[in-house]
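Shown next as structure tokens: one chain only, the form predicted alone.
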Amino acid sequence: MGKYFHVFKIGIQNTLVYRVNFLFRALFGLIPLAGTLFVWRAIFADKGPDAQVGEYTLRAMVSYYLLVTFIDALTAVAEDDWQIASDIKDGLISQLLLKPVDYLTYRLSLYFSGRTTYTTVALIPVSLFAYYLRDYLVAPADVSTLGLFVVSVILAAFLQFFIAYAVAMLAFWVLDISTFIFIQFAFEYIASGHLFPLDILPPPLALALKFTPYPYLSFFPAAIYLGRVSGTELWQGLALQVFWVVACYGLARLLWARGVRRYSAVGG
């Protein structure tokens, strides 16, 4: 694992060059969040001080969106899928195929190095924004809830990467995978709970989404923190999250193995 730790360190050094870009990305990323919170405050204001939307109070709703923003900073894939597809299309994976390096682990090391740098930089504006809204924040019920939240966020990071990696593997068969990436991102944005909490949807639709991998990218970790899931439902959710991590990992490995068989690189 020493070589992958070295890749992780090199990745941090490379991404630190873009620390100002990361800072501005995090700052401008708060603008749509602020707009969303203003909309929800207007909705709750019309309903009265004790209003609820799908069992969410205004305080819980604000906490939910801040949590999703924090989870996104920790786990979101930032151009990793584009870079993987570019490596395949441009033949850059040839140099790694000839070395004792596992490409998935190599890219996973770069992914975590990028997330480490981005999270460190983004923590400044996000923390200031959270401090401004401190009166609306909800604390976790207990230490065990916080621990399970951390475990779920780690699983969400692996799941996020494996989904992106699997989509990028289509570059072995398709010249331009941008359409697939945009479609996957659009569906993820809605079905993962970025746009709104999934448990305010009609119960049949919310139940159907529960058996897809997307709610476990953002909604489920946030629901754990807020105490929206507990008991059997909590452990079933964690089991499904682990299942999707393993399933997407297996799919990523399968697509790589099939893709390499038909891969060819020309030139020096």
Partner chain sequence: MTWLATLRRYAGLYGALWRNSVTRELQFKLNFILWIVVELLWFALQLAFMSVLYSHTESIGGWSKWEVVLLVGCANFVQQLFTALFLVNLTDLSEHIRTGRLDFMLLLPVNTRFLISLRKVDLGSYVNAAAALAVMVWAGSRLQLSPSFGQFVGFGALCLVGLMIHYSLMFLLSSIAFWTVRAQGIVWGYYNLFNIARLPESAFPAGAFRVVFTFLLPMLLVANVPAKVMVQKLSSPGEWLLLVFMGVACYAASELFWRISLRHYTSASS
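What you are looking at is a predicted structure, and each value in this text was computed from that prediction instead of being measured. Positions refer to the first chain, counted from 1.
One more form of this protein exists, namely the form predicted together with its partner chain; it is left out here, but the text below deals with it.
The contact residue chosen from 112, 180, 136, 103 relative to its partner chain in the predicted complex is 180, the criterion being a non-hydrogen atom within 4.5 angstroms. This chain lacks the partner; the member of 234, 242, 53, 206 within 4.5 angstroms of its partner chain in the predicted complex by a non-hydrogen atom is 53. Contact annotation for residue 38: at least one heavy atom lies within 4.5 Å of its partner chain in the predicted complex.
In the predicted complex, its partner chain sits beyond 4.5 Å of every heavy atom of residue 238.
With a 4.5 Å cutoff on heavy atoms, residue 162 does not count as touching its partner chain in the predicted complex; it lies far away.
When contacts are judged by a 4.5 Å heavy atom cut-off, residue 211 does not count as touching its partner chain in the predicted complex. Contact with its partner chain in the predicted complex, defined as a heavy atom within 4.5 Å, is made by none of 79, 86 and 131. From the list 28 to 36, 225 to 233, 66 to 74, 211 to 219, the contact stretch for its partner chain in the predicted complex under a 4.5 Å heavy atom rule is 28 to 36. In this stretch, 161 to 176, the one residue having a heavy atom within 4.5 Å of its partner chain in the predicted complex is 176; the partner itself is omitted from this view.
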